[in-house]
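A lone chain, given as structure tokens: the form predicted alone.
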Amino acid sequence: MRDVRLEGIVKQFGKVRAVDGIDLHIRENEFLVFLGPSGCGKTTTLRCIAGLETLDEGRILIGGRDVTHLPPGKRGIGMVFQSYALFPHMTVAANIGFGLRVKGVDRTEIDRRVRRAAELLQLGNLLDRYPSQLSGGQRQRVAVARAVVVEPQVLLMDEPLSNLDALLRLSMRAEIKRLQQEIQATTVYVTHDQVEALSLGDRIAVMSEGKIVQLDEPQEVYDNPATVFVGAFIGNPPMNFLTGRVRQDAGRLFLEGEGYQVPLSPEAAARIQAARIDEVTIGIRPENIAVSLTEPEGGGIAASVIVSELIGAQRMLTLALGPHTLKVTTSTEFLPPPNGQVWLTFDPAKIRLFDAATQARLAQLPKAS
């Protein structure tokens, strides 16, 4: 077994609870990503798993073995840091094999495993070079090879791609995913980059203030954020939010706020009624808002154009809806007049409902039997 269990772990620095009572089961061979903004506790949680931080409460099990009080070298882990942390006076081969030499592994076995790791990371022709002779992407691959060569039970990665440019990050993401699938290592990955999290993770643990606020598969986290925070943090551009009250007009239900009325489905209205709340926040992704230059049949929501930006395969519009600002993505061919008016139609199936007070998503109604 190569699973990881965190049982009520707490790490405190003075009065700050950097990790606040986390319970988590990371499955064997899973690629789990800790995602969140700076200061949310994701790196501290990783360092607790690694044994680089001492827990104040709780315990950690790796492969069913309690490692809470074991030093890093006894935990069966490999770790890749944000900085490459390579020895500048050692060749690539020596850097990769360093951990094996420390463990006293036979020289022949070290050579075999170093060459195998170099092959996995496409470093075979660079083994005699020194770190100063390598590009950033090559150095990062050496750091990953050094971690996997010891054949760890668990591979821990702390923002390993943050020092690379955008093109290198793209290629290295693919490299890391391919490697993890090939070596079948339980992998825990820390990042503040939502694109990395969505593309790499089997599951994502979104963190805020030392707690996991949502743990789920990437598509579920994106489509159904558990809180307003998750919806605002994930997505580029992020989810749009509007807060208002439900009212009825001519037999139709609307969310009404300052400067707008958004039609609601009967199911959405029933969920709001069941929650017994006065104010509700709706969230909708920019790609789920249709935009047109003329008012659509059945009506639409008028908004004014603030900025129109070409972002590659899409055009992003920043729109004013009363005192609110929305982001909408559309095709590159859509060319609204500067400072002109457009009409919006929200996809009712894509509207997400949140309690305006707690900012938590409203529960689904039970299905009729």
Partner chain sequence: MPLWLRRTAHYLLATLLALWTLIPIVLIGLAALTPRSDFFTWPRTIIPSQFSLESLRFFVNSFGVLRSTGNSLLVALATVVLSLLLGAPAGYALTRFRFRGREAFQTGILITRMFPTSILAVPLAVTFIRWRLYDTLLGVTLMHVTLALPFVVMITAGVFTRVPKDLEEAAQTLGCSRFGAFFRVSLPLILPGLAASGILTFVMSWNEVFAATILTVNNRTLPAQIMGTLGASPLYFKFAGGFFMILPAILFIVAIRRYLINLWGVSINK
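Positions refer to the first chain, counted from 1. Not measured: the values here are computed from a predicted model. Rigid core: the largest C-alpha set superposing within 1.5 Å between the two forms.
The same protein also exists as the form predicted together with the partner chain; that form is not shown, yet it is the one meant from here on.
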Exactly one residue in L52, L70, A320, I311 has a non-hydrogen atom within 4.5 Å of the partner chain in the predicted bound form; which is it?
L52
Heavy atom within 4.5 Å of the partner chain in the predicted bound form - residue from S135, N236, S171, S83
S83
Hey, of 256-264, 175-183, 201-209, 98-106, which bit sits against the partner chain in the predicted bound form at 4.5 Å between non-hydrogen atoms?
98-106
Give a yes or no on whether each residue among R47, I77 and F87 has a heavy atom within 4.5 Å of the partner chain in the predicted bound form.
yes
How about R146: is it within 4.5 Å of the partner chain in the predicted bound form, going by heavy atoms?
yes
With a threshold of 2 Å on the C-alpha, tell me if P266 counts as moved between the shown form and the other one once the core is superposed.
no
Superposing on the rigid core, is the Cα displacement of M90 between the shown form and the other one 2 Å or more?
yes
